[in-house]
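Presented below, as structure tokens, is a lone chain in the form predicted alone.
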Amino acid sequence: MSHLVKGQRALITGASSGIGEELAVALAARGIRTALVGRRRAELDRVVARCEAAGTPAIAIPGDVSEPSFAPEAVQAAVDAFGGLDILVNNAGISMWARFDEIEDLSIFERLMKVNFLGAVYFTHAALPFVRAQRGQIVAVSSLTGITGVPTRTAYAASKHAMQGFFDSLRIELRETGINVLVVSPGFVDTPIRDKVIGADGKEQGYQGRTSEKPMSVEECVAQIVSALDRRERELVMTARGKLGRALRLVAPGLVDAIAAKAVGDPGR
């Protein structure tokens, strides 16, 4: 049985590029109307055009997910436009690359927690009554770093661990409501976020590390998310390395640390 049905309504944060953009277009191809949230109006309008070219209406809602007052306004705009809300996708996020002992600006931690974690909290709280009414789905796009710590990603891993704990707890609270809570944990995905990571000085820069594996295409990542939504899965760990690491943490945590360090090219010192 497919749980993605033509005519459903979705709100996606971080929809102006990368995973959010491609997911919006993929859902539009399934006849699902989408409200697109992001900071860049011009980019959102471009994604709206792609969704409409796929044959389904979409709207742009520009704003900053880290602002607590924005989430209720954005959710209400989506409900006003489409008459309800079936799916919420918390996808907005920013990344960082720096060893903790090299960080000069500790506000990096506050910035990543506000966008990656609190932004998801704000939107989930605002959307919950509408999603509950439809017995719909709430999605959190986390990361493998939400399962296992990774060097040079302390702030990012902290925000994603917070997401993991929050949505796992929320799933239990909502178990009698009919709402499905899906936590998505991609590995390295080839998206623009890799080109705008925050460095030790708190400024955006290109990614300076390396990976020991080829990044997953955004199309493959989105295909897996759509499939998980279709089956109302509770968790999606995307890579073989991620699945192995999750299992090994229980029996060989030191080995998992070594694998994580190798994955980003951090030898330690």
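When you see a residue number, it is the position in the sequence shown, counting from 1. As the structure is a computational prediction, the values presented were derived from the model and not from experiment.
Keep in mind that the form predicted in complex with a small molecule is not shown, yet the notes after this line are about it.
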| item | value |
| --- | --- |
| Proximity to the small molecule in the predicted bound form, single hit among T148, N91, Q137, T152 (heavy atom within 4.5 Å) | N91 |
| The unique member of V65, A58, L229, L27 whose heavy atoms fall within 4.5 Å of the small molecule in the predicted bound form | V65 |
| Stretch in contact, per heavy atom within 4.5 angstroms of the small molecule in the predicted bound form, of 137-145, 172-180, 99-107, 81-89 | 137-145 |
| All of G18, V115 and V189 within 4.5 Å of the small molecule in the predicted bound form, heavy atom check | yes |
| Non-hydrogen atom contact R40 with the small molecule in the predicted bound form at 4.5 angstroms | yes |
| Contact test in the predicted bound form: Y156 vs the small molecule, heavy atoms, 4.5 Å | yes |
